Every structure is written in C-alpha cells, then in structure tokens.
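Only one chain is included here, represented as structure tokens and corresponding to the form predicted alone.
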C-alpha cells in the first residue's frame, strides 16, 4: 500500500491510496453498527479525511474513512496513469463508508470532505468573542479549569513552544491551513480545546442549525490516544494491553442483540451504555462494542474535588488475628482535585444489581474501581449461576462471603485503608527515563512492581504475594476437591446420577467446572444441602476475586476454611 496526502485549494484534504484487494481484508477496520474513530491522530480528532480501512466483501470492497463532521465524496480510478477520478456514490455521504463494486484486482481511492475550519477559543487571547462559550457556557467554564487548557503554557515553561513535534498535541489544528501557526498569529488556537476532541467547529459556529456540520461527540479512546501515547505518556498504549480495552466478544454479541442485556451487562461492559446511564440518556442501540474507554473513568470537561477519607496515619488492627499495622497516608492530602468521575477510595459497602434503574443505584462517592468491580448482589441463595467475576471491592472491605457465625461479614483488609486503595497497587507509576525506559502511567492495571508493598512489608512484598498465592491456590483446590467428593459419593441419587461431579454446582457452572450444566432448576438445587451451597458460594467469591488472597488475606483464608468445615460436616453427617 502507498499513501500520499494532498491539499486542494478550496474543498478538503484528500488521502490517496492504492490497495491490492487480495490483501485488503487483512487491514480493514472492524465492522461496527456505529462507526467510531478507529485511528489515532496527534491532536485528537482528525481535521481532514483519513482512509481507515478497505475490506473485501461479497459484492466488492467496503471503504471507510474518518474525519470531521460534514459531507464526503469518495473517488476511484483503476491506475495511476488514468487522469480521471470517478466519483463513487453521492457527494453528500455523512456515513464515512461506502461499498464499491470492483472489477479489477487493484484500484486507487481518494476521499474529499469538509475543509478544516477551526474557530478557536478567543478567551485564550483575551479577545471579546468566546466561540464555544456562547452556547456551551457551562461546559466551557469547567473545561477552562482543566489541565488541557494549560498545555501550551506547559510548553512555554520548558521552552518547547516552537517545537513542531510537540505543537500538534498542545494546540488546535497545528499543521492544517486554519490551525495553529504561532502564539502571535493564532493565540486563540493555543492549548487543548474543544476542537481537539470534537473536530473543526468553524462551520458549526457560522451555521449552528445545520446538523451536518455539528462537531462529533466521540467516545472512543482513540481520541485521547492521539496525544496520550509514546514513551513520555504511554497511557493509551498501556490501556490497549488491558482487559478494559476489549468487550468480551460473546458479551458484546448478546448486548448488541438485546436491550435488556445492554441495560444490565452494559453497565460495566459497554462504555457507551455506562455513559448513557450516568448521564440519564437513552441506552445506545447497536453500540455495545465500545469498551471501558477513557471517558468512562475520566471527565474530559471538568475537575472534581474529593474528600480523602483515608488521609493521614492510620493504625489497622486485623479483627481476626489482633495484629496491628501502621499505614502512612500522605500523598493526596485531605482534599484532592482531578478529572476522575469518582474518588480513589471509599469505605462504604456497595454493589449494583442488574434490575432496576441504574441511575437510582449510582453512588458518586464510591471508589472509581468499585463502580464495576463489585459482587453485583451475589448471595449464597442464588442458584442460577456462580457469582460474577468482579467482587474485588467487597472482598477488600470483607463484606461478601458466608461465616460460620451467621453474622454479616465485615472484615476490612489493611489494604482497604491505603488512601488510594486499588490504585495504590494496580496503578503504580514511574517517570520517563529514556526511549528504552519509558514512563509508566499505570493504565495496564497490572501489578508490575512491588514497591507499594515496601512501606509495610519491606523487601518481602513479592515473596509474601507468591507464598499467599500458593496457599490460597491449594486451599481452593482442596475445597473444590471436597465438593467433588460430596457430589460423587454423598449427593442425593437424583443429583449424583444425572450430574456426577457437577452435582454441587450452580445451574450455570462457574470457571472451576468444565462440562454440562449443574442441577438445572430450583427443585433440584434445593436438594443440595445449605452448607454445600454456602461452601460453593465462598469458593467462587474467593476464586472470582482473582487476587490469590492479596485483597484480604486473613479473611479469604477464613472463607475457605469455613467452606471446608461445612463440607466435612456434611460428609460426616449425610442425613443433615
């Protein structure tokens, strides 16, 4: 493939590509019902058309492109020597995609679109007109108080405000005809502004009633990824390696096919659904493929101020062992401000359920990670399916699981008293050292270093984690083995005959079992003794927590020990 950009005098930017169809399908953009920005571009939203995919389909090829809002025209010719470009489709294409019938193995395409007419924010240059603020005053006022609105000043402070490699991400439209030139000629285009994320808005400002030029509202992380990338700020690069960057394929298929499932599963699995629910907007239709993108956790339009509940020194006494730990929390201060939608820590138990209106369940002061990483109302009497793979927050607080005493659990871990809670371990950061030692922003969400363990555990952190993982893994296997023993040797005949080792399982078995369903209805499930039901619940809550005990070591071991005791008692007294 060869590509070249040209700039016509009046119309728009063109991208010219030659593509061999027999290889085209290998680099196509993924098909979606809603066409989201699929490429990253320095500066955010592309200011001119950029071809993003050519995919072979049954009746030809599907050509896709991206760029600002407006009408597009696709052109084709069969060879470079052919001077005539043939228009494909209408000149009023708003969809940024066209299917082209082809008769040869090669073709050249180009696309024209709206000119990149940037308006800029004259508040930056102290001119009397603030283009976006005239209609979007509230958002404008909050946006001007974010770090985005000071990015050019940051360049000035380090004397890089004329560095062309920096300007695309610190100004509006740099490199395009109506974009930033320098601070003298185009002061209104300094800093990251509305048009970085939404595209050129000059046409919209002039004709605000024309829907075809309304700036784009794009949720995809690629908007942020155009700038938040590379060795000095690899936020987007790290996020792409995380589970947050992908919607589980079978879940996405079910959500796209069912309004009920996008309402329930989409609350955490679909970025577009979650944002719609948070903002009280209608659920998106056919748009469940957007993962947990930047805007799900970060508010691009404003800062939020949070009270740090865990600020200052804290002595934690484990309720099970009586051991005490001194924790020094002094990084954030008593009050902190950032662009997160929710705070870094909270101490109240919380979970969402899949029934009812989400906005009635949303609690804004709950830990940002706990918004989704909670048990979703799991209880031992539920029999249809194993607890969901997300009880981490409740496990951290020790508020989920069954105890021999029968009392509601409340055994918070010492780790729950770290002022950043989840972020303390899962989002450890380090500064940029060199191209070969890039910065770490923590957005892979994996524990890559054990430095966070040092204040309390010295240099033993990694060893303790490995040892605890070994112990918990063995205990999980032991509980699972005991349940299998009960199922194959002591379960009621109706269960043992039809379900064998799965006689103890949920109707939809969890990840510890392979094969057919467990007992499939309430009558069969009622044959499973209460203690076996509680034991399996403890087992799956621990297993699905996924921390191998780290989130709440003593409590997790207690849950597994309790499960073992219940199974053993049932095996010893099969009539009970």
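Computed from a predicted model, the values in this text were never measured in an experiment. Positions refer to the first chain, counted from 1.
Missing here is the form predicted together with a small molecule; even so, the following discussion is about that form.
Trainee: With the small molecule left out of view, choose which of 110, 216, 480, 96 has a non-hydrogen atom within 4.5 angstroms of it in the model of the complex.
Mentor: For this set of options, the contacting one is 216.
Trainee: Among 476, 88, 166, 502, which has at least one heavy atom within 4.5 Å of the small molecule in the model of the complex?
Mentor: Only one listed residue qualifies here, and that residue is 166.
Trainee: Can you tell me which of 282-290, 72-80, 224-232, 492-500 lies within 4.5 Å of the small molecule in the model of the complex, counting heavy atoms only?
Mentor: Result for this chain: 224-232.
Trainee: So, in the model of the complex, is residue 519 in contact with the small molecule at a 4.5 angstroms heavy atom limit?
Mentor: The answer is no: residue 519 has no heavy atom within 4.5 Å of the small molecule.
Trainee: Against the small molecule in the model of the complex, would residue 432 count as a contact residue? Criterion: heavy atoms within 4.5 Å.
Mentor: No, residue 432 sits far enough from the small molecule in the model of the complex that none of its heavy atoms falls within 4.5 Å.
Trainee: Check residue 547 for me: does it contact the small molecule in the model of the complex (non-hydrogen atoms, 4.5 angstroms)?
Mentor: Heavy-atom contact with the small molecule at 4.5 Å: present for residue 547.
Trainee: Even though the partner isn't displayed, in the model of the complex is residue 418 close enough to the small molecule, meaning a heavy atom within 4.5 Å?
Mentor: Looking in the model of the complex, residue contacts with the small molecule include residue 418, since a heavy atom lies within 4.5 Å.
Trainee: For this chain shown on its own, do 39, 362 and 404 all sit within 4.5 Å of the small molecule in the model of the complex, going by heavy atoms?
Mentor: No, because 39, 362 and 404 lack any heavy atom that approaches the small molecule to within 4.5 Å in the model of the complex.
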